[in-house]
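One chain follows as structure tokens, the form predicted on its own.
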């Protein structure tokens, strides 16, 4: 299918078409003076002048909390009934190329040794419409992890913004092509010139191969450099919650002694109770050990187990950290 044009005056038509067909339209929008992904019902709610939404759109395929089963305690024992996933078409508009690649990372986890239908059924109905970056800030480091605003992996539709505010539309997947056909009244044919993309400068002092080699060497596992580099971490977990590839969760039963819900909730390896044993022993007693685990997950455990990336260089963790702990500074240290 030839490339299409999504005119800015037709964006509202696309939003309405998705909603009218029973779907939901997620886009960057202002909330408490911050740009976040949220449900929108009209084009006027969509923010187009932004670098990156504060939150990751992963919460629309992997919710912060959800009920997976209901239980009742009877005389004969516990009756547990699983919940069915009700997934409807969910369109994410305005994702950036770096975070679009994170879906393959989540998919690798949730289909690894068990098919988690609470994730897979939602991803099957998810349409990712990526808008390539025309601006960046000092926290962006996608090029350092071998991605760029030109990366198309993970996008169903890849959009290039034009000077007039329209979008050149490239359909990257069968799902994307079907989406354009299903909402064809919002798209048109034509030619336009795209704005120049902004490429974040690659951090030349970072060598991913050296970082990987250092992390694989178990002799460095207990180096004091971890404590020195991450001593200011307060364990708030903000970095894990905004990260598009972080995926840890726990299961809790909530209710009374007679009935309740089994819930799946986001968790974070930065919390002091994350690895706390029932005996009271904690193998990651100090905060730097918990931060070490997160870093090693991104650049050692994850790439060693899967073909997808543990870090996409979006820089969200840098932006939200209350003590300005910069992951790229640790990458630089381990590159030396």
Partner chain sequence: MEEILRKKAKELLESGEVKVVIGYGWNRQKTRTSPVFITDAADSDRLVWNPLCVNNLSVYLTRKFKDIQALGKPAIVAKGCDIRNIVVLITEAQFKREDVYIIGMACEGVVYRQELWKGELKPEIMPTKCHNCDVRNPHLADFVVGGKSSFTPPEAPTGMVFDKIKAIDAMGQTGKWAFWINEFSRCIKCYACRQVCSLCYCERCITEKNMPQWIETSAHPRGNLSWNLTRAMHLVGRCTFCGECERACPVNIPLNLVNQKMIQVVKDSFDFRSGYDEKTHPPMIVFSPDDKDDFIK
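Residue numbers count along the first chain shown, from 1. Predicted, not measured: the structure shown is a model, and the values here were computed from it.
One more form of this protein, predicted in complex with the partner chain, exists but is not displayed; see below.
Review point. Of 259, 78, 234, 191, which one comes within 4.5 Å of the partner chain in the predicted complex, counting heavy atoms only?
Key: Among 259, 78, 234, 191, a heavy atom within 4.5 Å of the partner chain in the predicted complex occurs only for 234.
Review point. Of the residues 241, 187, 118, 179, which one places a heavy atom within 4.5 Å of the partner chain in the predicted complex?
Key: Only one option qualifies, and that one is 241.
Exercise for review: Can you work out whether the partner chain is within 4.5 angstroms of a heavy atom in all three of 126, 175 and 249 in the predicted complex?
Suggested key: Negative, none of the three is within 4.5 Å.
Practice item. Give a yes/no on whether residue 34 approaches the partner chain to within 4.5 Å in the predicted complex, heavy atoms considered. Key: Looking in the predicted complex, residue contacts with the partner chain include residue 34, since a heavy atom lies within 4.5 Å.
Exercise for review: Indicate whether the partner chain has at least one heavy atom within 4.5 Å of a heavy atom of residue 21 in the predicted complex.
Suggested key: Because no heavy atom of residue 21 falls inside 4.5 Å of the partner chain in the predicted complex, the answer is no.
Check your understanding: Quick one: does residue 162 come within 4.5 Å of the partner chain in the predicted complex, counting heavy atoms only?
Key -> Although the partner chain is absent here, residue 162 would stay clear of it in the predicted complex, with no heavy atoms inside 4.5 Å.
Review point. Is residue 332 close enough to the partner chain in the predicted complex to count, meaning some heavy atom within 4.5 Å?
Key: Residue 332: yes, in contact with the partner chain in the predicted complex.
Review point. Of these, 43 to 51, 304 to 312, 291 to 299, 264 to 272, which stretch puts a heavy atom within 4.5 angstroms of the partner chain in the predicted complex?
Key: Of the options, only 264 to 272 has residues within 4.5 Å of the partner.
Point to revise | Partner contacts in the predicted complex for 197 to 224 (non-hydrogen atom within 4.5 angstroms of the partner chain) | key: Stretch hits: a single one, 203.
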